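For reference, the chain that follows is the form predicted alone, supplied as structure tokens.
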């Protein structure tokens, strides 16, 4: 069992590496995409600078703390799209019957699918996250925690996308739901949790679980606690089990397009 897991991880990492290298062939496009993504994220600092000139804090958070929240939102988004880009395109593969080439391979179907392509501009999001950490104040401890919470948050974002996109196994138009949830999570992730009412917070930890992907990691960065640390890990494990369960159940209803595309 352990050998199979190690083999799957190795294959997935090679697939991601191959996808990134293919996009790096055009160095000008690669560098441009990364730089423009960093600049795009940095442009939002201006709106917060204007707001903090009017108010001393937003939801009890200082300017540096709000920017850190943006850094985590950017970092988790970067991880999700750099390593699991096809999780956000899963609905199209299901509806168009293009999972055939993954099903016939002796590998885990879901992992093989979501790691088959990378979004290179997401590297700019990830780099921006660490630039923000430098601005906030970087230490070895903060660097390790920041990296850890980014990985956890990125996995959760990808898994939530998989869950909602997997509804396409049952409902053709479910891709609209998946896209809506992805965009909503991204929008909520850039605003402090403290500005929302309790009813909204309930939604943000259930239907749109940005609370687990961004707010919980943010709290760990502000004040590391063993309880919160294990709670984040447990959240990732539970959502992972739910993700694989829903996808595998839906896969039994999958209808092939009979379009076989070979994969290396």
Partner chain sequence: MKKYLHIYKVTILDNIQYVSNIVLRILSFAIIIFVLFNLWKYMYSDQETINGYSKSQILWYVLITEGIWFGVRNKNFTNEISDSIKSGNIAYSINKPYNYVSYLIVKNLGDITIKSLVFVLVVSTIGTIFIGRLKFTILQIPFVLIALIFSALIFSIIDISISLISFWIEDAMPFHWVFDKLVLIFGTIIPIEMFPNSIKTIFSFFPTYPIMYGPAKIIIDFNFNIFCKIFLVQGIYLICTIIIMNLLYKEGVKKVNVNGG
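Positions refer to the first chain, counted from 1. As the structure is a prediction and not an experimental result, all values here were calculated from the model.
The following text describes the form predicted together with its partner chain, which does not appear among the structures shown.
Of the residues given (221, 67, 239, 58), 58 alone sits with a heavy atom within 4.5 Å of its partner chain in the model of the complex.
With the partner removed from view, the residue among 148, 191, 167, 136 that has a non-hydrogen atom within 4.5 Å of its partner chain in the model of the complex turns out to be 191.
Although the partner is absent here, residue 89 lies well away from its partner chain in the model of the complex, with no heavy atom inside 4.5 Å. Though the partner is left out of this view, residue 37 does reach within 4.5 Å of its partner chain in the model of the complex, counting heavy atoms only. In the model of the complex, its partner chain sits beyond 4.5 Å of every heavy atom of residue 172. Looking at residue 233, you'd find every heavy atom of it more than 4.5 angstroms from its partner chain in the model of the complex. For its partner chain in the model of the complex, the listed stretch (180 to 188, 150 to 158, 128 to 136, 73 to 81) containing residues with heavy atoms inside 4.5 Å is 180 to 188. Residues 32, 33, 36, 37, 40, 43, 44, 46, 47, 48, 50, 51, 53, 54, 55, 57, 58, 59, 60 are the ones in 32 to 63 with at least one heavy atom within 4.5 Å of its partner chain in the model of the complex, listed in sequence order.
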